[in-house]
Structures are given as C-alpha cells and as structure tokens.
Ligand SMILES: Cc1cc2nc3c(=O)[nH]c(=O)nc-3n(C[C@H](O)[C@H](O)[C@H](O)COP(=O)(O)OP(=O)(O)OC[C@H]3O[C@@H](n4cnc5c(N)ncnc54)[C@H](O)[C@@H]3O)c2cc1C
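This document opens with one chain alone, in structure tokens, the form predicted alone.
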C-alpha cells in the first residue's frame, strides 16, 4: 500500500487549491482531486468556442483577500488583475448613469439625476468603508465562538465588540441597521434617486433568493463592498486570461510547494471507518488514503452525499436538509462578431470597460423577484454585464468580443418542479438577449455563439447543489458561527479527520479564498497534520 497523504482535498475550486497550497507550503504531503478536466470549480476559464475564452461562471475578482495573494505570491505565478473603473447603468428612456473611479466625475453624473444625492454620495462611500473595516477582521479570521469559555476566544469576541463600540454613535446605528434592513430600505436612508439606488442595491441580492426589499440583504451589500485591489478599497477587476487564471495561479503555487493535483478524478464517497475519515473512494473504485480529508464542496453534498447520514448526528443531518441553497441565478456567455453600442451612450467608450447593470429601478428589480417567487425565471431580469475582451484582447479573436452576462432571477425549481431547466434553457437565453437588445440594438444579430447556464447546469456540470454560487445563501441565519451549522463553523466536522474548506463555511461565498486559507491554518494549529 502506498504511503498515505497527509491531506486529500476533494475539489479543485479556488478554496480547495488555496487550502492545498497553504498545507503544502507547511511541508505537508497533499493531493487535490478534481472531477472535471479543468481546475477552478466555478472560478474557471474555458475556450468554449474556438478562439473565445469565457469566464464560464465567476467573472470578476472582487473579494480575493490581499493577504492570500501575498502569502502565495500569486503575481509570481502569473496572476494579473485589470481594474474595472466604471459601473454603467443604461436606462430605457435613453438616459444613463456612470459611476467612475474619479469621485468628481461620478458626482457630476449623479447630479444630473439628483444634486442632493451627488453631495451625499461621497459620505456614503466613506461610511461604507468604515463599516467594512469593522467587518474585515471578521472575514479574515475564524468565526467568533460566542459560547466558548476559552479566554483566548473571549478576548477575540471582546476585540470585535470594542471595534464596534469605538465607532461614533451614528455609525454604530448605521451598522446595526445594515444587519437587519433590506438593501433598498438602507439606501433609502441616503438617497432619493431610483436611478442611483437600483444598481447599488443589487449587490445585496447576488446569489440569494431574495429581493432588494427583503430584510437582511443590506449586509450582503456590505459583504460585496469589501473588494480590494492593490490597496484600493471597493475595487473590482478582471483576471487577465479569464477568472480561471486566478485558480491556475493558485494551482501553480500549490504545485511549486509540492502538492499533487489530479483532474478527472471524481470522488464518490469519503472512506469512514470507526467514526474517522481514512481517505476517499473514487468513482472507479480506487481507494486513496490520508490522515486528513478536506471537502471543498458544499455542506449538504459533503455531509449527506459524500459522508452519509449513518456517520453523522441526526441533528446535523436535519440542519443540512434545511440548509438554504436555493440557487437563483444563471449565466449567459456570448461570443460576438462585433460590439454594438448602447443607445443611451453611443460609442465604444470607457463606460463599456467596467460592468454594466441592467437595473433601471427598484420596482424593476422587485418585479424580477416576483416572477421568481412563483417559480418562473424573470421576464425582465437583472443582468450584470462585463466585456472582458475590451480590456484583455487575449480572450477573443482580433475584432471579436466576449460578453459575460450574470442573470437573476432563475429559480432552481422551475414552475414548482413541474418543468425542467433543459426544457427552458433556450427561452432563458432568449430572454436575456431580448432584454439587452432594448438597450443595445443589434446585439442579437452580432452573436456568433452563446453558452447558457441555468441553476440546473451549474449543479450538473460544476457540482453546485441547486446551482447556488455561494454554496449556501448569505443570509443572517447562515453566517459566521452559524455557517454551515451551529457548533460546526470552524471547519471541523463530527467525523474525526474530516474538515471543510469551501464557501459553505465561514466567511462565505464569492471569489474570496478566506475559507480555504483559514481552514488550512486551523488544521495546522490543531496539530492533526
């Protein structure tokens, strides 16, 4: 029998790869097993059509923790991030709003709709940065342990409380409001213009089965506000070569540290003997052994799929059956012969080099959610568009372009389960094109190829249960010490030798990397490796 590994990581997504790289750099013998032919999980680039490279699922770099980039020296391993300088919102009446990296330029754009909003916008940004700095230590460290009597854990909790207490009273009030309010209601406290509030509010609903007026979505807005590139807070960017370049850089760092990585190696189950994880069984029956097994897939699939209820406490199994996944979004990737212009702002200008939000009003977004509440894809969905080929010509042939369209809402259970997504996939893609055509005439005729991914496709192809892009909703009852379940928020599981490291654990989803890195640190600190 071959010498067992110190750790086997199930899944080659970015969190699994970060966990593997961190353990390998600490001198551990690590194996990563990825079921697909390409690494990255949902952070993947693929040449789906000849000459056109799509960031198939995840498409922007927003939350990747700077300390992980530094620790793994990802720049040396090829990672290049191109900043997005504009958020553009075209309107159906021919007007438009662009928010730029330049505060004065943004102020002038907002003033065309509301002089009052233009004056308060800067203050709002400063307030969000201050609140973001309160939350930042929470997402860069293990979840608090509110019931622990360990003095070290109590000191950590007191540190978080002191940071909050040190805020001015008005800012403490704002912070508490964010924990409970809806994104739209929170923005109502600041702004009057729907044209501004609508595209700002959508950060509160990304990957959730909620509307912009659903309580709790204000925190998700803050969660997405903490992007940071080269020290610039609230900065988002595109990875050169597509989002998969992030995963490949991490994989290169892992291999450089001695990590072994296998693709096309689907894990069928975790090998549990005597209440302890001893290794894994691959789909073909091959058994691989390790001192520690680390799951990089979502909690429900980990516990109820790979482990099995017979090895777990009944209470945890019940919680996993009710763990909220509820995928609500899809993706449409387009290969374009040429790039049409927006009616509201003609020309292929700098406004198209950032992200484009089809979110003309709060009412529009709520109506999109109304459709989803009753099991239907939105007839006029919220769409977030980026055109990577404008900033990175390597992803398309000369003169051609790729367009990435994140779409919400697309409920996992269509028509209450009476219909299947393969039956509705083409119509879903048509709806996206029809919606964009209203703002960008001629787009449909420019499409050479399209790839349409529904929640069902995200589950089948990428292993995202119910198509949830965060491995579980970022709702208040599924965050911090409650993620994925009370008592199991620190990467360990009831099965000895089995750990978790993916987005279904603290601090949550997005192309962040913190779950993978924090899980590895916890394992090393625990001393089981």
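Positions refer to the first chain, counted from 1. Bear in mind the structure is a predicted one, so any value in this text is a computation, not a measurement.
Keep in mind that the form predicted together with the named molecule is missing from the display, and what follows is about it.
Of the heavy atoms in residue 498, none are within 4.5 Å of the named molecule in the predicted bound form. Using a 4.5 Å cutoff between non-hydrogen atoms, residue 306 counts as a contact of the named molecule in the predicted bound form. Interface membership of residue 462, defined by any non-hydrogen atom within 4.5 Å of the named molecule in the predicted bound form, is confirmed. Contact annotation: residue 511 falls within 4.5 Å of the named molecule in the predicted bound form, judged by heavy atom distances. Just one listed stretch, out of 33 to 41, 46 to 54, 484 to 492, 65 to 73, contacts the named molecule in the predicted bound form at the 4.5 Å heavy atom level, and that stretch is 33 to 41. This chain is drawn without the named molecule; in the predicted bound form, the residue among 246, 297, 294, 212 with a heavy atom within 4.5 Å of it is 297. Residues of 310 to 339 placing a heavy atom within 4.5 Å of the named molecule in the predicted bound form: 331 alone.
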